[in-house]
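Let us start with two forms of the same protein chain, each given on its own as structure tokens and named structure 1 and structure 2.
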Structure 1
């Protein structure tokens, strides 16, 4: 079984792509709705909440946990991978944690994550890459730093879309969502002195739900990098290299867990997955 964790509901866009790509596998999704949002929490608290959620998924049978959340990935993934997993003993038992920043950076730079120094021809790339995200993800500078490790001449434009994720979850009218998207794009274009980005990263798992609005207001030549499909592509490659995580013990299954109120979360989840999902309490 493969675990997918998010602080809230945005990770359902990633989960949806994974379930569609790997219908034969079992997935368990855990949303920490009792503590959402993570954006205004101290880094140490985010690390601890992400660690606890990952361990909860391990204890329920997950061998691999994907952090389907940009904030959790940006703040906690590296710490958990380098420190907690080896020290806790989970790594020795074959468990692992992945994030969604690495495949996004790979897609943006066309460079494998393992390559951390500039290589030809990427080292000479002078493209503009715009990153649209929440405040905490942008403040972490994770996309800026990781892209520039591989493509030092690329211009990285970081644009906070602070209200967009909340508006999507609150089912704001299309006109309101479009205004927020247009505002973010205008901000990014202003940072680039009116120059259009060659690629645009939708660096929040809520944003794929309004990808059509980004497409409407970005220049036609700008390639949009939306995380669900990017993550699914990367995950397919990872499972080909690590087939032990793709073993379908018991066949396909989808389990949805929350630290919050299952009824409320199930209702709100319809924004992301209209078919009607039924969450259960993690504590049950």
Structure 2
């Protein structure tokens, strides 16, 4: 079984793409609704919450946990992969954690993650790439550093949208969401001296839910990269290389867990998953 984690409902955008791509696999999704949003929390808290969630998924049978959350990936993935997985013994038992920044950087730079120095022709790329994310994702500079490592001439415009994930999670009215998106885009355009970014990364898994609003306010020439599709493509490659994680022991299954109120969360999930999903409490 494959675990997918997000601070709340945003990771469902990634889960949706994964279930469509791998209908034969079993997935368990965990949303930490008791603590959402993560985006403005101190980094140490994000690391600890992500560790606890990954362990909860391991204990329920996941061998592989995909962090369907940019904030958790940006702040916690490397620490958990390098320190906690080996120290806790989970690595020795064959468990692993993956993030979603690497595939997104690969798609944005057209360079494999394993290539960490500029290569022709990417080293001459002079595109402008705008990254929209939570406060912690942007403060981590992970997108900026990883893109510039591979494409040093690309200008990376980083824009914090600190209220947007929380507003989406709280089902704020469309006008409020649009105002927040517009404010973020204005900030990015000011940083770019009014020049249209060639590509935009919606670097928060909640943001695809308001992609239409980004589309409305971004210059028409800016292409929006679709992170859920990018992650599904990259996950397909990963499972081809690591088939042990793709063994469908019990066949297709979808289990939805939350640290919050399952009824409220199931109701809200309709925004993300029109057929509706039945969440259960992690504690039960």
Ligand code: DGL
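Positions refer to the first chain, counted from 1. Just so we're clear, the structure is a prediction, and the values are computed from it rather than from any experiment. For the two forms, the rigid core is made up of the largest set of C-alpha atoms that agree within 1.5 Å on superposition.
It is structure 2 that shows the chain in the form predicted together with this ligand.
Annotation: rigid-body hinge motion between the two structures, rotation of the minor part against the major part equal to 10 degrees. For residue 223, the CA shift between the two structures after superposing the rigid core equals 2.6 Å.
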